[in-house]
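Have a look below at one chain only, the form predicted alone, in structure tokens format.
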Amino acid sequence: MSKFQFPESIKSRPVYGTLEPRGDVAYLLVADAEGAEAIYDLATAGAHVARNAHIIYLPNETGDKYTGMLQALNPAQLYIGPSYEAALSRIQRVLSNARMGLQVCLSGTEGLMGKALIEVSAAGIPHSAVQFEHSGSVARRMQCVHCKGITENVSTDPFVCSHCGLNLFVRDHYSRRLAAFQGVCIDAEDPGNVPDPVELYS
């Protein structure tokens, strides 16, 4: 499994663990890309998980690599969708119909887990019923603190805001409300003095 150990950082930066079975209850499992491996490991660690699971999976750039593996679990329900936006109404419906005891497991990229957590929190699911496991890309979902625009899949520091064009420094400060890290103009006091971008965590 493609797992990355994030270095220690400030308190607002999310910390991820490993998905674990939590009894014979209903599960909502939401994953993208390599996050399918975490879902598979969870479901095979507890035989009751798959039969009680509604899996929502977004393959992204991995294509069909993991879909057969998830289908083989024979879960109660499996949705494979083209994007988070396409799956959003399904996630909201599952959460709105949830009964007490639902366990939510989110795996894959930070962007996917953060956006799904917004919906989980809005539905009133307690944080103690939510688990996270990061897998795959370390690219970030970034908010420009100047124009408030969101740039997806940022993999370099600094980067150019996709909305206002400012050169932004990638900060570890994370907003759970927005499911995004914060980017601040790196050359505000000396326009044009921008260091060469480097890969995150390189």
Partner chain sequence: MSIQFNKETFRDDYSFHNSERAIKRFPFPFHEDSYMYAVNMEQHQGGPKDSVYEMRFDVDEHYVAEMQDRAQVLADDPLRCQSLPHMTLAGWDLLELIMVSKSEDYPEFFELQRDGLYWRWINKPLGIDDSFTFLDESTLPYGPMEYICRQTQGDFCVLDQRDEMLWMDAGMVTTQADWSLDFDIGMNFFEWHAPVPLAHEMGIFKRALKFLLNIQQGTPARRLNWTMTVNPLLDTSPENYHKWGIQKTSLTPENIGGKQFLRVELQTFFRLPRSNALVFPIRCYLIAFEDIVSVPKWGRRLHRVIRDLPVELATYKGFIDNRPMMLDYLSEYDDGLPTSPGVWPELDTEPSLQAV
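Computed from a predicted model, the values in this text were never measured in an experiment. Residue numbers count along the first chain shown, from 1.
The next section is about a form of this same protein that is not shown, the form predicted in complex with the partner chain.
Exercise. Which listed residue (S162, S175, T67, N153) meets the criterion of a heavy atom within 4.5 Å of the partner chain in the predicted complex?
Worked result: None of the other options qualify; the answer is S175.
Problem set entry | Which of 29-37, 47-55, 131-139, 165-173 lines the interface with the partner chain in the predicted complex (heavy atom within 4.5 Å) | It is 165-173 that comes within 4.5 Å of the partner.
Problem set entry | G63, A76 and Y79 all contacting the partner chain in the predicted complex, non-hydrogen atom within 4.5 Å | Zero of three within 4.5 Å in the predicted complex.
Problem set entry | Distance check, V184 to the partner chain in the predicted complex, heavy atom within 4.5 Å | Contact check for V184: yes, within 4.5 Å of the partner chain in the predicted complex.
For this session: Answer yes if any heavy atom of S12 is within 4.5 Å of a heavy atom of the partner chain in the predicted complex; otherwise answer no.
Result: S12 belongs to the contact set for the partner chain.
Exercise. Looking at the partner-bound form in the predicted complex, is P191 within 4.5 Å of the partner chain by any heavy atom?
Worked result: Flag for P191 set to yes.
Exercise. Looking in the predicted complex, any heavy atom of L19 within 4.5 Å of the partner chain?
Worked result: L19: no contact with the partner chain in the predicted complex.
Problem set entry | Interface residues of 134-148 toward the partner chain, as seen in the predicted complex [heavy atoms, 4.5 Å] | Q143, V145, H146, K148, in sequence order.
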